Ligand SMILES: O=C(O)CCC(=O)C(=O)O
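The chain below stands alone, shown as structure tokens; this is the form predicted alone.
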Amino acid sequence: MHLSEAQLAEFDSEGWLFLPECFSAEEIEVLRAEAEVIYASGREEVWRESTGAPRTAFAAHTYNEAFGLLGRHPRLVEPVSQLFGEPVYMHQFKINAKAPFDGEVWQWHQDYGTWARDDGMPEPRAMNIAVFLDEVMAVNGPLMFIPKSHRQGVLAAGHDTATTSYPLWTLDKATIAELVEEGGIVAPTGKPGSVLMFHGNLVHASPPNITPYPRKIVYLTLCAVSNHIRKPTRPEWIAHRDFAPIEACAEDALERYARSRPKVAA
């Protein structure tokens, strides 16, 4: 999948791009079911909220076949390679959950700020490309972006290790207020199978989920191979050390996998 000139211009201007319903119901069904199996496991890669509800599951592409195919899917890998003008590798892979009633906040932050400070990534030539596993609604903890904030470069941040179970380099209220005054806030919503891609410096957050509706999103953090991390401080299953270019799977690989497997009990 390649982006049009209009899409490239929109991404450059706003810092994000929404691609509705890129994956079929059949493809999403198997991913959603297997995500629930992973969340129910005792693996160290699964981080939890203070309530015990799942918060995020790292590196599922390394031990789960369905997510391994998603991590090499051309609908995700090709647009990012196109933007960077070179092959990409997987810097990070995670399945973020906003569990019904228990999904906690993700504070205002820039992803590249963490990748630079904690992983030694030289430049913001990496980005998240995200797949909705559930419907993302205005009420169940959607991602919130501050458009055009990626143009501000890397902003000063503090290391918040107390608000939630996941430590994050966060921005202060005054900075957010200033950015919002200029760019406003958007919260993209959409059906399962929709895709979001956003610049590594785009400021974003998500509110708690206090509804009965789950909100699971898979994030592939794809980095230009020449921009690989230099001084990682986090475990390998959070910040990967395999800098080999991703070799895309067949366009219909995930669909064929879904059809070959019995339904996974969630």
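Note that residue numbering begins at 1 and tracks the sequence as displayed. The model shown is predicted, which means the values in this text are computed figures rather than measured ones.
Although not depicted, the form predicted together with the named molecule is the subject of the following passage.
Heavy atoms within 4.5 Å of the named molecule in the predicted complex are found in one stretch of 39-47, 228-236, 198-206, 22-30, which is 198-206. Interface residue among 170, 128, 81, 194 relative to the named molecule in the predicted complex, by the heavy atom within 4.5 Å criterion: 128. Here is the short version: of 151, 117, 75, 109, the single residue with a heavy atom within 4.5 Å of the named molecule in the predicted complex is 109. Using a 4.5 Å cutoff between non-hydrogen atoms, residue 215 counts as a contact of the named molecule in the predicted complex. Residue contact with the named molecule in the predicted complex: residue 146 places no heavy atom within 4.5 Å of it. Although the partner is absent here, residue 91 is not a contact residue: none of its heavy atoms lies within 4.5 angstroms of the named molecule in the predicted complex. In the predicted complex, the residues of 88-104 lying within 4.5 Å of the named molecule by at least one heavy atom are, in order, 94, 96, 98.
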